[in-house]
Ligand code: HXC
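One chain comes next, on its own, written as structure tokens: the form predicted alone.
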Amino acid sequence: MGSDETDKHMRLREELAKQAEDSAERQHKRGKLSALERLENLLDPGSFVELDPFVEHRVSALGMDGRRRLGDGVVTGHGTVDGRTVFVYSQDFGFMGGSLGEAHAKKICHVYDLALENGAPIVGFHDSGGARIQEGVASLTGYGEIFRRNVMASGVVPQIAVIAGPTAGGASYSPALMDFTLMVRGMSTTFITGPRVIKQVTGEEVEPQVLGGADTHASITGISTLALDSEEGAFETIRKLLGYLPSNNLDDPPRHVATVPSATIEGVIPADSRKAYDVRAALEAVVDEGSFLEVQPEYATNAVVGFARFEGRSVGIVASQPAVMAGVMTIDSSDKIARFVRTCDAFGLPVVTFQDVPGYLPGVDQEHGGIIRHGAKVIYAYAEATVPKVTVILRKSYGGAYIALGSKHLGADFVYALPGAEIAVMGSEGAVEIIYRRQIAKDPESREELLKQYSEEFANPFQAARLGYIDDVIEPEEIRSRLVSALWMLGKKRVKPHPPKRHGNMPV
């Protein structure tokens, strides 16, 4: 290489370093890390390798004169997290508001293509005002190319998005297409139309954080998998999530050292099915010590989903939450459970389900909101899943919810029940009122005896066990050992291929 080429290379490198310093200074004034700093904080020290650092846009249009920058407002590359390869991109809000243009989009598409070809997870930091207006339709084309790759990568490699600033308009869709979306309180916002447009069109006045902040999307819309208090919390959470997931759908998740839970399940589950308890206490008593990572903890809190380990192996956990609305199923909890089960199935994680569910929430709002369609998503997800599926019925298991939440009839490999479990079409009191309404009308005093008879015959797990729908009735202290044994036995599970088809038609 001649001296002229060397000098040019050195000048470009110096320009890149100066850009990084300027970007960091601007972001620090906003209380945020720069695009490059985010990647360096996430990845193992010294492992980041940048790609396409010299790319620039090629537009000569109104408002673009003199507005060129190496990298075109996004830092892309690869590195490692806990020694495993990860592809990354991070938008730079300091250049044209992180807006997406043609070259910017091509850089993101490049790392997506590499992630797919090499079977490695992809992590993206989104900090963008949306499409770059000055580039017109070319910027919209860029979004389309990214969305297509989001879909191509779905179920093949894990995709994690961090909304690290404003993410508006078309920029909001890519995180929604990814597997996990993290947001930072007070910093992250995402919406299709911002507060100013809403005020112009509808007259409504709303603050950005109220409209599309971390807490809004964590508790109301369910778009945010987790709302975090800092960017550092996001880095730590990404590392944790990747620790449960394989690099791709053909690999196994990383194995961890097995740890025995210090908590005990004794006394956690009340014998009286009308008494509430926090199912998370039961989970902590059966999974490996400290291994439970709840996702979407603020959304549809009547259901609990998350990752855990048994003897160091990753699993997905789905559980009814009796502490909230008695654990009843709703529109939102159905969506939450269905998506989580499909995520586990895509990446080969066994699904362990804990039932304590009185059924679906009755009401006009639920019916008109589409509880039938949303509830059907849960049925579809469990029936479609081919990973090992093990279910434990802790107490109540009534009606359609018994079927939907990992029953034998939807392909569960093993179903266990505690001795006090109640498995029936509905609760004993409601059933007796329907079946024996005429007799009770004539002789009200017979109600208690009829209730006792019905409970003894139907409100227990032995009727289902006699029919082969329950594999065994076990004591609470046996739950962990039975699950460990079942998951070990199912470790090499293989299923017959589905009938030839393009894909199913999930009731979305």
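Numbers follow the displayed sequence, beginning with 1. The model shown is predicted, which means the values in this text are computed figures rather than measured ones.
The same protein also has a form predicted in complex with this ligand, omitted here; what follows describes it.
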Please identify, from 134-142, 433-441, 251-259, 406-414, the stretch that has a heavy atom within 4.5 Å of this ligand in the predicted complex.
134-142
Name the single residue among 310, 299, 354, 93 that comes within 4.5 Å of this ligand in the predicted complex, judging by heavy atoms.
93
Note: exactly one of 427, 129, 119, 348 sits with a heavy atom within 4.5 Å of this ligand in the predicted complex, namely 129
Contact between residue 166 and this ligand in the predicted complex at 4.5 Å, heavy atoms?
yes
Check whether residue 103 has any heavy atom within 4.5 Å of a heavy atom of this ligand in the predicted complex, and answer yes or no.
no
With a cut-off of 4.5 Å between heavy atoms, is residue 171 one of the residues that contacts this ligand in the predicted complex?
yes
Quick one: does residue 99 come within 4.5 Å of this ligand in the predicted complex, counting heavy atoms only?
yes
Are 240, 244 and 374 jointly within 4.5 Å of this ligand in the predicted complex, each by at least one heavy atom?
no
Heavy atoms within 4.5 Å of this ligand in the predicted complex is the criterion; list the residues of 181-200 that meet it.
196
